[in-house]
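Have a look below at one chain only, the form predicted alone, in structure tokens format.
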Amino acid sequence: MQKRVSELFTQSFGSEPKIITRAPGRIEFIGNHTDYNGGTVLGAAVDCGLWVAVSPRSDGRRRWRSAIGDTVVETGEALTKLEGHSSWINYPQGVIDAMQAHGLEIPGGFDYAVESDLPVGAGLSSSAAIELSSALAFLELTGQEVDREKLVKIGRKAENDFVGVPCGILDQGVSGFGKRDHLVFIDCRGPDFSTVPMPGGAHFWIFNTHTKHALVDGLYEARHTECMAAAADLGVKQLADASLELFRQEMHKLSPTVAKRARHIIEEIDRVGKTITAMEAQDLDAVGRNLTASHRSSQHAFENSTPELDSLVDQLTTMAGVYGARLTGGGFGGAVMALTDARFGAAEADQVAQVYRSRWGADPQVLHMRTGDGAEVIQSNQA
């Protein structure tokens, strides 16, 4: 990928890039929509992501090129939200806006190219990957360093305030703090970040349905609003502050829909804790049960699943070698993650795909993924 992004940059701008950075996508392991509710979450950085190549310009022009487009887009130093095929530029522009808000020097003109081996729309957070890889590139351009916590906060602020998605810290936190053969644990009230070793012999399989996964279209925002209403009705600042006992005592104050949303979040936070305990005991069967329970709660209480995702979980959880399965990411389409042992391989994955095809008339994208390291600077030659 380093060679590919460098070649794209050279093809687009006529010179080699000075700086190359990368940031991984992530799997939301468990902790669905708990992050913006102040809860806990487990995620895994994966071994694919986005690569950014940049070089400074002295004329204030900013030129942008994505591997999925065939033209260079030019903007000035003023930050203006773009639409249509150029809307991806809002993510790195949001990073510049967030850097300025954090009191950091922002880059002037530059040439910028981005390449990816991360499937779009699979719920693996290409948005966080482009935010963190862009932030590292812009910091390197301006000769600045920040700690890892500030880096992920810059990425989150870009998405919340400039792009307009009210996400929590999960995506950026996992992309920033990822570590091979580990999960990233986030207590979102700090936020505090740590890593948890993955038990040996565990495999991740992703089944991308290619169904709609557009968080900006209002569904994500609606759930966010419902969760905030639930916290207010329960008399707590965030749903993470509400125990199951409090919820049961006070749920009569909530509308039926808001009560379902609150139940999912409060029980999901409890499942995160149980999953960590099970991992420490090397009990992958218990981990798998928690994953599947998480999906059923998303399906029936939070209602951010889809029939396509549900059918994948239904099938996967009957197969040998599968510990558990759940939707991964914001939901409303996207992908299912299955945690398996070595008995589940390519032949079994193809069997799942065939059943899905016969039911839905489309082929899911199947990915056998591994954990990977967090965002990093790959090359810096500014001398």
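Everything quoted here is computed from the prediction, not taken from an experiment. So that there is no doubt, residue numbering starts at 1 and follows the sequence shown.
Same protein, other form: the form predicted in complex with a small molecule, not shown, and the subject of what follows.
The small molecule in the predicted complex comes within 4.5 Å of no heavy atom belonging to R62. Contact annotation: C167 falls within 4.5 Å of the small molecule in the predicted complex, judged by heavy atom distances. In the predicted complex, the small molecule stays beyond 4.5 Å of every heavy atom belonging to G38.
For T340, no non-hydrogen atom is located within 4.5 Å of the small molecule in the predicted complex, even though that partner is not displayed.
Between 62-70, 310-318, 353-361, 323-331, the stretch whose residues reach within 4.5 angstroms of the small molecule in the predicted complex through a non-hydrogen atom is 323-331. Note on contacts: among F193, Y220, F247, W88, the single residue with a heavy atom within 4.5 Å of the small molecule in the predicted complex is Y220.
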